[in-house]
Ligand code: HPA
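Below you'll find only one chain, the form predicted on its own, shown as structure tokens.
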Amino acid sequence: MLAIIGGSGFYTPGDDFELEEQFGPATAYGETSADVLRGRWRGAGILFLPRHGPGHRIPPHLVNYRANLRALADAGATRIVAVNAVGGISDDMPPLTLATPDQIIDYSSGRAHSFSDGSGDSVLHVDFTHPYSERLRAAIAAAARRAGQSLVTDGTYACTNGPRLETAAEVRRLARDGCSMVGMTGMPEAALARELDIDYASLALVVNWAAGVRADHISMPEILQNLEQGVARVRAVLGALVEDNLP
């Protein structure tokens, strides 16, 4: 079953989502960001979970990623598309760009980043050479074409800790490292999905140029405006993906 993790500005699939069931937030790893919603969207069954909780109350460094991923797995998720709001670093990542990155670098700290926490009988070492599912990324690209939405089909996501935005010097470092976009929620989400053997991909929406790339400061009203405009495009791509009803 396809699960969607909603990011900033994307708190529900849409008015045409038909809720069938919702699960409470308790897991063995604590509480999820919100209830997991099971329902039908565009004729297909999906799961939905808003990463930051109702009203965007949970900052990125305090999201209980392990609880979220464990709850989705227990509810039957076999594929996860994560919606991420990001800042653009490379020239092909201006505001309102949609992208599905193919690589990630983790600059975050202090997050519970693995299910292997010493409480089990063994340590799981997963291959993370290619952090995103190529099959799911290809399906997102095909859905974008059918929805008439342009999509950048590669790129390296830099995951910083937040909730503050980065300095211009930090962004210059990320650019030197080969990063094309920067966000705060890509890890450990992607790695946890790999540990659970769930296909995982990101649908990233660029909401601003990263610090120092095009301007001396970042405008929060501009970010909010771009979120509002871009979410409609995100919803169009995901709707086309859901209609494919992949196994």
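Computed from a predicted structure; not experimentally measured. Residue numbers run from 1 along the displayed sequence.
Form predicted together with this ligand: not shown, discussed below.
Put simply, residue 208 is close to this ligand in the predicted bound form: some heavy atom of it is within 4.5 Å.
This ligand in the predicted bound form is not approached by residue 106, whose heavy atoms all lie more than 4.5 angstroms from it. Using a 4.5 Å cutoff between non-hydrogen atoms, residue 155 does not count as a contact of this ligand in the predicted bound form.
Contact annotation for residue 80: none of its heavy atoms lies within 4.5 Å of this ligand in the predicted bound form. Between 108-116, 71-79, 137-145, 163-171, the stretch whose residues reach within 4.5 angstroms of this ligand in the predicted bound form through a non-hydrogen atom is 163-171. Contact annotation: of the candidates 182, 192, 201, 204, the single residue with a non-hydrogen atom within 4.5 angstroms of this ligand in the predicted bound form is 182. If you take 66-89 and check each residue for a heavy atom within 4.5 Å of this ligand in the predicted bound form, you get 85, 86, 87, in sequence order.
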